[in-house]
Ligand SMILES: Cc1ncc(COP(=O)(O)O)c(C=O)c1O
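This document starts with one chain, in the form predicted on its own, laid out as C-alpha cells.
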Amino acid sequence: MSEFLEGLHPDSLVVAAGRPERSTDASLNPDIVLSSTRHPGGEIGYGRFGNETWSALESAIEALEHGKTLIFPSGMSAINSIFSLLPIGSVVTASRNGYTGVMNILASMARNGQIEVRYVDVSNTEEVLAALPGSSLLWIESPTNPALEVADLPTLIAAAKGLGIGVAVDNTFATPLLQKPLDMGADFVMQSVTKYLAGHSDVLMGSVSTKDPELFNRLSDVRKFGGAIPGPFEAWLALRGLRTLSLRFERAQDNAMELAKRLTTHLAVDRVRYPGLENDPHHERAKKFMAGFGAVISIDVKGGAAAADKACESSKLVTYATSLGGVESLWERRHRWSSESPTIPTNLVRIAVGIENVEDLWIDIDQALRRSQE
C-alpha cells in the first residue's frame, strides 16, 4: 500500500484504493481480466494462481483491514480456508450464536472427528477466557448474527494470543469502518464481501486478511490448490460496490438507529436487540472500541413464530429474504431455517436495514407488525 493511501481516512480509501497506476490515457478503473492462460516468466503463471482484477479488490480491502488479503468465491469458502489450516484434533472455541453456515461446518467437522468445539457466549468475557486453555483457535463473530452480542475483542484477542492461540474474527456486521481486529492482534479477519463491501445483492464473495506472511502464504496455497477461486467479473463488481461503502453504510446505520429507537415502544415487539441503544446490554462495551453500531437490528415479535412470520410476509417495501448489507432493507424470522442456533428465540426477526427513506421504512414495518397481531 502506498504512503499516500496510508494517510487517508476510510471514507477516502474506499474510493481511492485498488486503482491502476496513473499514466497518460490510463484507465481510472481496473480491467476485467478474462484469461486462464499466461505467457511464462511472470509472477502469476496460471489463471488459478492469480488475476489482476482480483488483485485490485484485494489491495482495496487490504487498505481497509490493514492486512494482506485474499478473496474467495463466497464467504463460506473464505471461512473454510481458515478452518482447513487446523490440524486434526484441534480445539476451537467459538460463538454459540453465530452465522448458521459456520455453525454447520463446525458441527460437521466435530462429528467427523476433525476438531473439538467449545461453544461459548462471546459476550461473556469470563466464560470465553475459561474456555481458552488448550484451544488452537478462537473464532469470534462480533456483533453476532443474529443476536447482536458484542465481544470484548481487545481483551479476548490479547488473552488468546498470550496463550499462543490463533484468533479469527468474522467482521462482516461491523465492516472495517467500525473495527479493525487485525490492529487488535487477531491473526485473521474474514469478510462476507457479499454483504456490505459489495453492497448490491448481486455478488457472492468472501475475503480473508492477515498481517502474518506465513499464514498468508498458507492461505494462498489453500486457494491455489483447493480451487476456491473467484471470478474476475465478480471481483470487478465487488470493487465497484466498495466505492460507495462509506456512504451506504452511514445511511443504513443512521436508519437502523432511528428504527431501533422507535421499535422499543412498539406494541408488537417484546425486545429490540441493537447495541446502539443506550439500554442495550452491549452498548457500553461497543462504545469502547467500535466506531459505530452497524445496520442490523433484531426484534422478538409478540405472539411467537407465527406472528413473526406474518409480519415478514406483510411488508411491502422491506423484502422478506435472507441476506444483508445491500442497499435494500430485508427481514426474516431466522428460525425459518432449521439450522439456526437453538439458543436463538423462534420469534426473532433480523432486520437488515438499507438506505431507503427512514419514514417509508417505518410506515412499512409498523403496518406489518400491526398486522402480525391481528
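Heads up: residue numbers just count along the shown sequence, starting at 1. What you are looking at is a predicted structure, and each value in this text was computed from that prediction instead of being measured.
FYI, the form predicted in complex with this ligand isn't displayed, but the following is about it.
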Margin query: Within 4.5 Å of this ligand in the model of the complex - does that hold for a heavy atom of every one of Ile79, Tyr99 and Thr194?
Written below: yes
Item checked: Contact flag, Ala60 vs this ligand in the model of the complex, heavy atom cut 4.5 Å -> no
Checklist line | Exercise: Gly292 in contact with this ligand in the model of the complex, heavy atom 4.5 Å | finding: no
Checklist line | Non-hydrogen atom contact Val150 with this ligand in the model of the complex at 4.5 angstroms | finding: no
Check: Contact between Ser298 and this ligand in the model of the complex at 4.5 Å, heavy atoms?
Finding: no
Margin query: Please pick out the stretch from 199-207, 274-282, 112-120, 215-223 that is in contact with this ligand in the model of the complex, where contact means heavy atoms within 4.5 Å.
Written below: 199-207
Notebook entry, point to check: Which one, Gln179, Ser74, Ser135, Asn255, lies within 4.5 Å of this ligand in the model of the complex by heavy atoms?
Noted result: Ser74
Check: Is any part of 360-374 within 4.5 angstroms of this ligand in the model of the complex by a non-hydrogen atom, and which residues would that be?
Finding: none
